[in-house]
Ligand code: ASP
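Take a look at this single chain, the form predicted alone, given in structure tokens.
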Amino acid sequence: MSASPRRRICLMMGPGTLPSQGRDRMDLTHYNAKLSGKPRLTPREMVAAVPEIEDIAQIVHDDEGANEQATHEDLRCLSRKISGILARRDVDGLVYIQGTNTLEETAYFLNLTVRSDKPMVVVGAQRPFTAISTDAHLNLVNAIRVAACEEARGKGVVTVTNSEINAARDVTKTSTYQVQTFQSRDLGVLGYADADRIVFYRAPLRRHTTQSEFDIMAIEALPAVEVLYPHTGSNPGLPRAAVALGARALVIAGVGAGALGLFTEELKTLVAEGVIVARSARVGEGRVLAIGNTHEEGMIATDNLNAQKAAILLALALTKTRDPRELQRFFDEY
């Protein structure tokens, strides 16, 4: 293994499958506390159940309980907390456990806002800790191995699942239940947590962590950004309805190369009224371009960020500017 002996890794936890307990070993679907009657394990309980972890690193436990993971405010508070932890001299890296459903959004938010070059890993599992053939144990072990690996320093936030290391910016969940769910699609993995050692093949080039201009300590609130998904038969009034409900900006998970479909005319009107609109794509791979027949004047092209990550970046960017040209710069650089 390439992990440095006894590095001090902080272990934090949010809600999710990895620490959950099913009713029995065959329970792969009814493992939340309400259905199984069993509470999620604490980080200390998981480390005790997998004693090999203590051979990899010295675990610094966050004993404040699970961190909430539902809103931008939750992410803002989490980022501030992690920033403080990584500033400590007695912490060399950090592993954050959370549910896989929004794991990529948390990882990307931290990638943009935690100004530290110490290794940061966000990890989850598709099967509960107690299930037969669970991925929870090995995912947790490998996440700690990566966080304790010197080569992970400076690579921004990464995810570690199914023995694969992916960049927070690139990774997305691709399968509902299968363990190979996290993939970076057209860009590929950064490396692997293999049995012999941690190995990296590439590093992220877009701005992150220590190169980020987003100061989470100066951000008191994040503006509301909504994601809309056009399809055949969409109600063209949905964009205005979202604005009426409080959205400060809209991300459109467009059809094809980011076309706006039945939302087009309404969105053009909203842009003229000063609403910020960013074009993403629902197809899952490839870039959305700021040129061509799908682009509309005054709108922002989100490059190859999926819609949920584009909403994260746009919310942060709006704390600095509402100038569409400057907002486009953020999507070109991050």
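Owing to the predicted nature of the structure, the values given are computational and were not obtained by experimental measurement. Just count from 1 along the sequence shown to find any residue number.
Beyond what is shown, the protein has a form predicted in complex with the named molecule; the following relates to that form.
By the criterion of a heavy atom within 4.5 Å, N101 is counted among the residues contacting the named molecule in the predicted complex. Shown alone here, N111 lies farther than 4.5 Å from the named molecule in the predicted complex, counting heavy atoms only. Interface residue remark: G16 is counted as part of the site for the named molecule in the predicted complex, having a heavy atom within 4.5 Å. Taking non-hydrogen atoms only, T161 never approaches the named molecule to within 4.5 angstroms in the predicted complex.
Per the 4.5 Å heavy atom criterion, the named molecule in the predicted complex is contacted by stretch 124 to 132, the sole one of 238 to 246, 211 to 219, 124 to 132, 257 to 265.
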